[in-house]
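To begin, one chain is listed below as structure tokens, in the form predicted on its own.
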Amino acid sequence: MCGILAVLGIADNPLGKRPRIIELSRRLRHRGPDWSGLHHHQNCYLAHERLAIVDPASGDQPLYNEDKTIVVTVNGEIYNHKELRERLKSHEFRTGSDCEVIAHLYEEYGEEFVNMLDGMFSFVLLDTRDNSFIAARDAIGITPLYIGWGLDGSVWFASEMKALSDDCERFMSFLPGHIYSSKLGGLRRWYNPPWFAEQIPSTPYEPIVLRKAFEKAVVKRLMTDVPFGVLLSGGLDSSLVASVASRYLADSEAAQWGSQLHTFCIGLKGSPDLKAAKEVADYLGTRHHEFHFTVQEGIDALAEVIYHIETYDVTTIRASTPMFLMSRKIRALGVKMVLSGEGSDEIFGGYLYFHKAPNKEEFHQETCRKIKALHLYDCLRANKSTSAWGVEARVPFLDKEFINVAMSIDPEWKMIRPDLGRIEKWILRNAFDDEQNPYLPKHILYRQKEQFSDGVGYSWIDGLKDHANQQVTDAMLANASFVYPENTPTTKEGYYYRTIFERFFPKNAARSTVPGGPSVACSTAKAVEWDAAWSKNLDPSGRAALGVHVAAYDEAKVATEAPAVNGFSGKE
């Protein structure tokens, strides 16, 4: 995963801006520590901090077309770049980089080429022939991108907020599935799948079709020239990623670190995830790396975590901290890329609150809302927690083609039906329930969901709450609406994270990039309406799903504490 920065249309002394651009680009170097690139043309700059994964020797950026009139800086991976090169045989490629196709596609097709890309990406492209430019972000928002505006009329783009927040009068998160065009003005959506309109699909469930689509999504993400591994929590999603990757590794193009697939897990000693992950790793025969952290080590890292992930959302911070610590250990082992299981719960209604969905229509609409919001929560966490240490996370569940298959299935099949023996994500579990050639042990395949922040050890969240209670007084929380009138924190934990965030990002525009609203067990605000009791227990932990989670919070305790937080997220 790389870091990009682009500043276009500088009004005053563009040449004198070069040292500042280099300084700001350096703020992204954790994302791409392998090389730095900078292109300057008239009043425009394109900067790049590279994490070399495909073609490490010659794929430095920015990238160009044949005569260097088209310049592009890209963060991401284009999985179908070889097929696209076949359509561009009249073009001469300078590198083996998967991202170089973007410059040539623009030259061949103009601005309407973005939907041809299969991958995760954020890019800015400058056409020096007329000084026009475009910027685009992948369909779901797996890679981060921000857009900002300077007082001099300049337009800014950056992978992370920290690279433009000081210099822009206003900035915001760049919408996923959108393109910005200087010629046409403003943002327009290039990604328009059938599910986006939230109409109820009716395609029958075919287990083998779903299984093959997911296997294809995993295999295409084995495109790498450097060592990689799989983040394995022992839950369903990460275990399926590991199972499929290990099954197809020998026939893939992946550069590998020895003959075994490497898997990684982190948790407090004795946590549910560590035990389950080891069992899966032993079953699959992977080279497993188990990392431990203490509650105090996590607390000590909070400020650094919030600086890197650029949010004050409670669950995102809870789950990002162990992932941030694990990524540091992974990078220390020489690994640059990992596969991860984000997205499955949004697509299949895997969060425990989906047990209370009143009908298939509301079930499906909630999954649509969850997918549309992924860029603010799980995608943000997975990308920035790993990129903080120069590690790239790839997420096969968020493959465009796989999403289209999964979201076209009649949601009646996704409904949680205990009377029919269907638990959450039953259709995914059933698709990989192969008696002849098993992917996973049965009890792992049908393990109840644990959100990542819960699965690393329940005492992690309890420890965070205790620490926040020591830092934030009752008087501070009582006055929260005056100190933080926008997205007012309603718990001491939320207040504590907000104070750290505001230290790094004090502008109004920064706090507006973080959404809010009531949530229970990672639900959207709309889904809180599904159960009247939830309004008394607005906490994003899976244990807040009273009567569903086997380790649910004690209801009497909940009635007296009644915590509430902003946002929804969390992953196995």
Partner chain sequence: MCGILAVLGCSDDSQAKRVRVLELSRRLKHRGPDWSGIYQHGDCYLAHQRLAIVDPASGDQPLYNEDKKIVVTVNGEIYNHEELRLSLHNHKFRTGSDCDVIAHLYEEHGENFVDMLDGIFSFVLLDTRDNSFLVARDAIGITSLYIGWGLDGSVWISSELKGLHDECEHFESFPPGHLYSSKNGCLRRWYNPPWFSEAIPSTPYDPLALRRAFENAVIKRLMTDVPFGVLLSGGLDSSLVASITSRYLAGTKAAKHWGAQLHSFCVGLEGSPDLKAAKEVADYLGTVHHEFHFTVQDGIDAIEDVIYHIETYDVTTIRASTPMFLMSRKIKSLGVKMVISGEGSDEIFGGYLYFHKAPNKEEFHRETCRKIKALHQYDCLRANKATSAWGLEARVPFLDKEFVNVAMSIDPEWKMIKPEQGRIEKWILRRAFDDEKQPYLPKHILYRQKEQFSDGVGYSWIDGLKAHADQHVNDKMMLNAAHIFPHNTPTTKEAYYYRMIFERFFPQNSARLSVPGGASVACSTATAVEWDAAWSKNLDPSGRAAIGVHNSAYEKHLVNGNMNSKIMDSIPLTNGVGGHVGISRSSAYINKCSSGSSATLAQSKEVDVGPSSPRPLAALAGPSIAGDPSTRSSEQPVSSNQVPNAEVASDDNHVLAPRPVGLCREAAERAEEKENNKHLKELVVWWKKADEELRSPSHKVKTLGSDLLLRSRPSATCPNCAYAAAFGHNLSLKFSMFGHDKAAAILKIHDLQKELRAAKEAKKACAEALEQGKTEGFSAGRLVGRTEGLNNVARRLADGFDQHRLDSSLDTNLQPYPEEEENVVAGSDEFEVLLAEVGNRK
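Positions refer to the first chain, counted from 1. From a predicted model like this one, the values you see are computed outputs, not experimental measurements.
Beyond the structure shown, there is the form predicted together with the partner chain, which is absent from this document and is the topic of what follows.
Annotated contact segment (heavy atom within 4.5 Å of the partner chain in the predicted bound form): 24-32, selected among 526-534, 24-32, 66-74, 508-516. Although the partner is absent from the chain shown here, none of 269, 275 and 498 has a heavy atom within 4.5 Å of the partner chain in the predicted bound form. By the criterion of a heavy atom within 4.5 Å, residue 423 is excluded from the residues contacting the partner chain in the predicted bound form. The partner chain is not drawn, but in the predicted bound form it has no heavy atom within 4.5 Å of residue 362.
Among residues of the shown chain, residue 303 is one whose heavy atoms approach the partner chain to within 4.5 Å in the predicted bound form.
In the predicted bound form, the partner chain sits within 4.5 Å of a heavy atom of residue 467.
The single contact residue among 174, 432, 389, 191, judged by any heavy atom lying within 4.5 Å of the partner chain in the predicted bound form, is 389. Here is the short version: of 479, 408, 471, 115, the single residue with a heavy atom within 4.5 Å of the partner chain in the predicted bound form is 471.
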